[in-house]
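As a starting point, one isolated chain is supplied in C-alpha cells, in the form predicted on its own.
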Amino acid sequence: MRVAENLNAALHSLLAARPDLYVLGEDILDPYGGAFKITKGLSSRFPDRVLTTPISENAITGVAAGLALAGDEAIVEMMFGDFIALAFDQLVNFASKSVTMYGSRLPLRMVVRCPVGGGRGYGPTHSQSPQKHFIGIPNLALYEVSPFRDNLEVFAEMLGRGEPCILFEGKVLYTRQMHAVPEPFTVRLDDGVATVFVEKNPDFVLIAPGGMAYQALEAMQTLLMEDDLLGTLIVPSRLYPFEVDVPDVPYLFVVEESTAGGTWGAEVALGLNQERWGRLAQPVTVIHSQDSIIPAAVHLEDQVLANEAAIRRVIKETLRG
C-alpha cells in the first residue's frame, strides 16, 4: 500500500467508526476527491459528514474548531500546507487556547492536514515546509506522516490527545510504499518512532521527519557503501512535543526541509545539546534548505532544498573533517 492509499484508508475507517467525526476542505467531494486524492470515496460513503467548503482556510479551520469545541470531531484538509498561514489566527488564538482557557481542561479534537514540501516543481507558494511557525504553542501538537507508521494509528493518537493537532504530509511520500527500506537496513517501530538501522553501534545518528526519511536513507546507504560510515535514522511521528529516546553517540544530525531560523530541527538540537553536551564530539548539526524561496524549475529547486547530496556531504565532512 502506498502512503496516499494508507491515508485514504485511515480516513474511511475513522469515519466509519466515529459517528461524530466531520471532514472539511476545498474540492474534497467525489469524483475529484481532493488535490492529492486523499479524500477519494469519502463523500460517497459519508455525504452528511464530508463537507466541501468555500476557499477560506481561516473559515474552514474556525468551523472545525467550533465543531470540536461543541463535542464533535473534525479533520481539515488544507489543499496545500502553504495555505495554513491563512488559518494561523484560528489555530493560535482560538483552537489551541480553547483547550484550557475556560477554567478546566476542555477536549477539542481536531486535526489539520497539510501537504507540505518541495520536490515536485510546484513553485514558491505551493512547496514550503511551515512546521517551524507552529513550534512552542501550548496545546498544539505537531505530527508528520511517516512511511513507517500506519496512519489510522496516528489519527487515533491525535484525536485522543483532546487538543488541536497539525499533521504535515510530505507530498513526495504520497506515491511511496509503506514500510519499505533499502538493503541492508532494518526498520523497528516503537511507540510511534521508527528506527532504521544496520547495527546497534552506529558512527552517527540522523533524525528526520517523515518527508525527509528517504533522502536521509539514500544518503546513509551511500555513506555506508562508499565511505564505510554506519548510520542510524530516527523518524518520529510526533514532531512536537519531541520526546524520543535517541542513541548515545558522539555525532548527531537533524535534517529538515525548512529554511534555517527558529525551526523544529533547532528545537531538537537545543534539547539534545543540553542533555548530552559532555558526551558529544561537537554540537548537534542541523541540515536544512537554503535561505531562498523555492524555484519552480526543478533543477533550481534541487539546488535550494535539503536533499540526499546535501545530507551526505555534511555528514561526511563532519565525521572525516
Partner chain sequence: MTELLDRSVDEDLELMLTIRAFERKLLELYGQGLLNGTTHTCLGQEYVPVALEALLLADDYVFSNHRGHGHYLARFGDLEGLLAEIMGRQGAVCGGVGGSQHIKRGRYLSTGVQGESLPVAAGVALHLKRTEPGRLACVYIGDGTLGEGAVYEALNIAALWRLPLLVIVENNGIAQTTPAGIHLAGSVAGRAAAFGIAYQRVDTVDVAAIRDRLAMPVAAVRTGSPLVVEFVTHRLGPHSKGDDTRPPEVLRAVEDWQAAVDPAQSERLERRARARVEQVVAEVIMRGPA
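Worth saying up front: this structure is predicted, and the values here are computed from it rather than measured. Residue numbers count along the first chain shown, from 1.
One more form of this protein, predicted together with its partner chain, exists but is not displayed; see below.
Each of I60, D89 and F94 comes within 4.5 Å of its partner chain in the predicted bound form, counting any heavy atom. Judged by heavy atoms within 4.5 Å of its partner chain in the predicted bound form, the contact stretch among the candidates 153-161, 133-141, 97-105, 228-236 is 97-105. Among residues of the shown chain, L29 is not one whose heavy atoms approach its partner chain to within 4.5 Å in the predicted bound form. Interface membership of P295, defined by any non-hydrogen atom within 4.5 Å of its partner chain in the predicted bound form, is ruled out. In the predicted bound form, G33 stays away from its partner chain, with no heavy atom inside 4.5 Å. Not displayed here, its partner chain is approached by T52 to within 4.5 Å at the level of heavy atoms in the predicted bound form. Contact with its partner chain in the predicted bound form, judged by any heavy atom within 4.5 Å, is made by just one of L24, A310, A10, V304: L24. Taking a 4.5 Å heavy atom cutoff to its partner chain in the predicted bound form, the contact residue among S56, N273, Q290, S44 is S56.
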